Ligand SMILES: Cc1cc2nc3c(=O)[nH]c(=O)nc-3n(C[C@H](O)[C@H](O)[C@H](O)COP(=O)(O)OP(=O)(O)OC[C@H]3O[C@@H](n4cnc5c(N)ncnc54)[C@H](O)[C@@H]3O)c2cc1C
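The chain below stands alone, shown as structure tokens; this is the form predicted on its own.
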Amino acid sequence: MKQNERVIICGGGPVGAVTALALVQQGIPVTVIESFEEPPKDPRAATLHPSTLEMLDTLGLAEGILQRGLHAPAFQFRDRKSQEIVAVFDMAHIADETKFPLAVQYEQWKLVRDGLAALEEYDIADVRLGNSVTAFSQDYDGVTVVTENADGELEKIEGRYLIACDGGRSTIRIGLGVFMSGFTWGERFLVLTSMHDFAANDAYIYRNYVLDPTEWCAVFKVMGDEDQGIWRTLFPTSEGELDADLLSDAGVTQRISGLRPDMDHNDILHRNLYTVNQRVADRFAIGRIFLAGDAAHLNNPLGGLGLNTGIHDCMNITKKIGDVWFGRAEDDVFERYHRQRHQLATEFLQSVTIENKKRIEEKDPEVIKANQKVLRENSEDPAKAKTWLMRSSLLDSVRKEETIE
């Protein structure tokens, strides 16, 4: 193998790991560069939708995810003040459209672990953990990346293509000068995890959106680091609130006791604060370099779409790289990657995540009443429920992608 006959992947998170696996399974050598020594077990994305499970199934990952993950065949909306269950969307309504009529709660670090373990079976997979990218360039023949390890040693790596899966603060995107159009929400999200069983004590299911004009929230169950089963609660914050106050024992108690009066900071296992963006990169393909996942688009986490669309990005670009690599297509197919994924990120991902947020934070009593009526009608009518679920599960997005030339 020539030294430059490989694809370099910057970032070994969930999108990077899946990207690498999708390439090596086609017989394409990869080098993955990632700064962490092992996947951080932080409380980030955890919901895998049917469309994404279908893709992961083609890579041999879905079976393990289904065995180890938490199955969520429905999600609900409820009113925080009355605790009335407004609507329940049962994914059985899309059972005729997908092999996986459910979402699976599976933390992203576990997906990284699975992907990296699968890569160990391929001698054409070169995984460099504990390395960071310090410089990169491209020309007509290929790409070059300079990496630095924990000892400060530099190495030059050459490849045919570079895929940036290095997150919202992407070194590659910033180095290319690609702008992220959009905006940052004034409020941030506070995520608290606990062992309190919201299902047994409060009739929650595993995915819940709690409507409230004063302080909405979202409540989800995940398996946890030791598969012990933990619950995540997500709250909005107000502009101007200080990090120290929000993350203090008093600040945490204020939020969680508003949801459960018998809980305080002593019940909280983790507390994290996140800035919330709605942004899309102006370009997804720049010569031999491609952006995917958070490097290409950022959105608020309601609906769990960010991780899923990132995997959709990587499955799209790895198929096109394979087609070019083996002579089934010309280089101009990469412009189609930009058109397809940029259009869906702009028209679909951003609109759905903004709708999700506005729906549960609505303050006007009459609009709230109207929204709840629509939610209830959509959930109770099989045809309307199917339409809703096809969109929220990203199955519609995947099918639309195929029509974009």
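On a predicted model such as this, the values are computed, not experimentally measured, just so you know. A residue's number is simply how far along the shown sequence it sits, counting from 1.
Another form exists, predicted in complex with this ligand; not displayed. Remarks below refer to it.
A heavy atom within 4.5 Å of this ligand in the predicted complex is found for exactly one of V86, I124, V191, A74: V191.
S132 is the sole member of S132, T98, T144, S248 with a non-hydrogen atom within 4.5 Å of this ligand in the predicted complex. Taking the partner from elsewhere, every residue among C165, T171 and L234 has a non-hydrogen atom within 4.5 angstroms of this ligand in the predicted complex. Though the partner is left out of this view, F36 does reach within 4.5 Å of this ligand in the predicted complex, counting heavy atoms only. This ligand is not drawn, but in the predicted complex it has a heavy atom within 4.5 Å of Q108. Contact between C10 and this ligand in the predicted complex is found at the 4.5 Å heavy atom cutoff. The shortest heavy atom separation between G306 and this ligand in the predicted complex is within 4.5 Å. Here the chain stands by itself, but in the predicted complex one stretch of 277-285, 254-262, 292-300, 239-247, 292-300, has heavy atoms within 4.5 Å of this ligand. In this stretch, 73-105, not one residue has a heavy atom within 4.5 Å of this ligand in the predicted complex; the partner itself is omitted from this view.
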